[in-house]
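To begin, one chain is listed below as structure tokens, in the form predicted alone.
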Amino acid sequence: MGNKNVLIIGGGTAGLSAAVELVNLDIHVDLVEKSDFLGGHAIGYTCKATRNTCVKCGACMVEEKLKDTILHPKIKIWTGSRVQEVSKNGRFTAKIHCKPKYIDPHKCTNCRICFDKCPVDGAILHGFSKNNIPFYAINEELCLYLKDKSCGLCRDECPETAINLDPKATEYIKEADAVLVAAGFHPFNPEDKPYGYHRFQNVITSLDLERMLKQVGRVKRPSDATIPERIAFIQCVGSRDSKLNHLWCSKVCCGSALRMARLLKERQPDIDISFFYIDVQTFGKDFEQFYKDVQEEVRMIRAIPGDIYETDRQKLKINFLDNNTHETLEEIFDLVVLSIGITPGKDNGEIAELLHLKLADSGFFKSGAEEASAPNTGIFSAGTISGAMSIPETIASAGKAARQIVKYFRANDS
């Protein structure tokens, strides 16, 4: 297999896992990721172990896959890059467009000076893992130098001269014997829901909370950095919603939210946590005992709130229907966490057109032999590009795709 090469589109959990599987079988990999950092959304997830006991959330598995990927010499990594054209004449030929590389990963020591000196919030991006190399990147949309050349502080203050604000985009042509689509998912944007996201500072998403806990280890209110006394988790935001035609369950939200709730109770036991839900999706073989323990620490409310209003001191008033009395109740919380669902990737349509594939009505790629994994064409898929999956399920999907690729190579070489 040493003469084979696979082009992987997407550097999240599925792409990383498939890359590691393939190179361990002596197959070369070109891994193309559109963002500046590998790991996808899951690399920002926090470990949710409580009482020094693993709860099998999968966050450490993503970290491990990322580390294995960046260390392997047979994986060529293309961050900040997109596959623009793909043709096939025996082998696949792909044109890869790479945006300018403003920070040299060989020089950058992750000293953080550029991040601290930049006058525009968000103009310097950062990764969520020590294995994101480099750890910082320039946000082209907000950088003042790229806008009007009015600021070059990051470049001027960098002690390693690792920053160049005038590089050019580049394009490369690569050949591959198979293509694996692993472009992941898009977290639902709840701005249009009646919960005040991006209007009220103390309404955050589950992804925001994951990143807060990973970086800081504790939860604080964004408005004033105080410890919240009462937190509400609201489930199924963007999932199981007929008005949006999002009829699927995102499968991972209940497990993630409840594990974070227990983690918060362990680290900050004085916080009162309420959990609003339709029903609880089971997860893991120890679910029954886990759920029993959760109910002793977290107030479970089987209702989905209708609206959220901001009150004095930027607290949040939630209206919801009591299922027992059928009365509308109001409660005040210091922080609200929206458990946002898994939705189809924004680039799915573009990728489908590029590879002459079709999407399901949901916007996800069709799974299995239906469409996205077509062994006779050399095009395969893995992970949440075909629908909602947990981290372990995504890694298993990537392993399955790697085995299908090997089978495809053997069939065509015989």
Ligand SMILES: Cc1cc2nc3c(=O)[nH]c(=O)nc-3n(C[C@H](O)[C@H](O)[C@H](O)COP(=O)(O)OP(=O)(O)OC[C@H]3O[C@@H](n4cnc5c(N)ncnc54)[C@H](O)[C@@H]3O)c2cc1C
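Quick caveat: nothing in here was measured; it's all calculated off a predicted structure. Just count from 1 along the sequence shown to find any residue number.
Unshown form predicted together with the named molecule; subsequent notes refer to it.
Asks: Choose from 64-72, 380-388, 357-365, 22-30 the stretch whose residues reach within 4.5 Å of the named molecule in the predicted complex, heavy atoms counted.
Replies: In short, 380-388.
Asks: Hey, in the predicted complex, is K193 touching the named molecule, heavy atoms inside 4.5 Å?
Replies: No - in the predicted complex, heavy atoms of K193 and the named molecule never come within 4.5 Å of each other.
Asks: Is A18 one of the residues lying within 4.5 Å of the named molecule in the predicted complex, judged by heavy atom distances?
Replies: No, A18 sits far enough from the named molecule in the predicted complex that none of its heavy atoms falls within 4.5 Å.
Asks: Is P392 close enough to touch the named molecule in the predicted complex, meaning at least one heavy atom pair within 4.5 Å?
Replies: P392 belongs to the contact set for the named molecule.
Asks: Looking at the partner-bound form in the predicted complex, is R82 within 4.5 Å of the named molecule by any heavy atom?
Replies: Close contact exists here: in the predicted complex, R82 approaches the named molecule to within 4.5 Å, heavy atoms only.
Asks: Just to confirm, with a 4.5 Å cut-off on non-hydrogen atoms, which of Q281, S206, N202, S274 contacts the named molecule in the predicted complex?
Replies: Flagged contact: S206.
Asks: Out of 330-350, which residues reach within 4.5 Å of the named molecule in the predicted complex, heavy atoms considered?
Replies: Heavy-atom contacts to the named molecule in the predicted complex: I340, I342, D347.
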